[in-house]
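A single chain, nothing else alongside it, follows as structure tokens in the form predicted on its own.
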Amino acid sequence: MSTAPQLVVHRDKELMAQAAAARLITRIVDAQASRGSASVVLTGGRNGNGLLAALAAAPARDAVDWGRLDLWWGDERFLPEGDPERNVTQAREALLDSVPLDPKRVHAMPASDGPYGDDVDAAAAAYAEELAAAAGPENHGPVPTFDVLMLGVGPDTHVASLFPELPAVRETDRTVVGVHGAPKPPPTRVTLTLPAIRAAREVWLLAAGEDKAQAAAIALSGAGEIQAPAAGAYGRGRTLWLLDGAAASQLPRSLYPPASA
């Protein structure tokens, strides 16, 4: 069952990144206090990396017990380990290398020079197995119940590497799939599917900049998920759209929250 999206609109992308980082710290600390650990799914792109950089600079980052945090990824570019275009490479630079994470709890998606070679479908299947192994009986499914799953929204409404009309966005059974022929480079990717995304307690969609305004308006105006994948991304307990003023500029006023920061 989908949760109605809540919107938070910030003045600019810097404020959005700082506020989202503060919000994420709070969610992680709350989850660790109630369950002993927390799990977060990271996203790449300028907004995802901007949030991580803001988190690295936040004084409150030390409130997080980094050794009791599981990190997963929503998608990855199927490139060699250490490639600067890989989301995990960018995340390490922005935040991960500067906090005391448990390496066993950092679940990077396989690289194209890893154990599966250039077989992206085998790499996707292996990540699905890793997710299934981390899911406990309380999760009632093949993936853990992530505390927060973050997604950047593309100008074409794509989230993770689920692009409009392509096979991956139509997947209803598998939790992770290989993507062939993505419309933006690189064409080969690994991505979570909508069923895996919807296992999260909270899904946060990040959109900043004028180039995201039309995508946000389409996804929040009742479009179908095959044509607008962002419309199909929602959490079990909460779905949060975090926008800056430019990305929110085409939204009908009726969608605006009563008080936006």
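In this text the structure is predicted, and so the values were computed from the model without any measurement. We number the residues from 1 along the sequence you see.
There is another form of this protein, the form predicted in complex with a small molecule, and it is not shown here; the text below is about that form.
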Contact test in the predicted bound form: Leu149 vs the small molecule, heavy atoms, 4.5 Å = no
Is there a heavy atom of Thr175 no more than 4.5 Å from a heavy atom of the small molecule in the predicted bound form?
-> no
Taking the shortest heavy atom distance, is Gly50 within 4.5 Å of the small molecule in the predicted bound form?
-> no
Please check if Thr43 has a heavy atom lying within 4.5 Å of any heavy atom of the small molecule in the predicted bound form.
-> yes
Joint contact, Ser39, Pro195 and Arg236 to the small molecule in the predicted bound form, by non-hydrogen atom at 4.5 Å | no
Could you tell me which stretch in 103-111, 165-173, 119-127, 69-77 has residues with non-hydrogen atoms within 4.5 Å of the small molecule in the predicted bound form?
-> 69-77
One residue of Pro155, Pro187, Gly82, Gly141 in contact with the small molecule, assessed in the predicted bound form (non-hydrogen atom, 4.5 angstroms) = Pro155
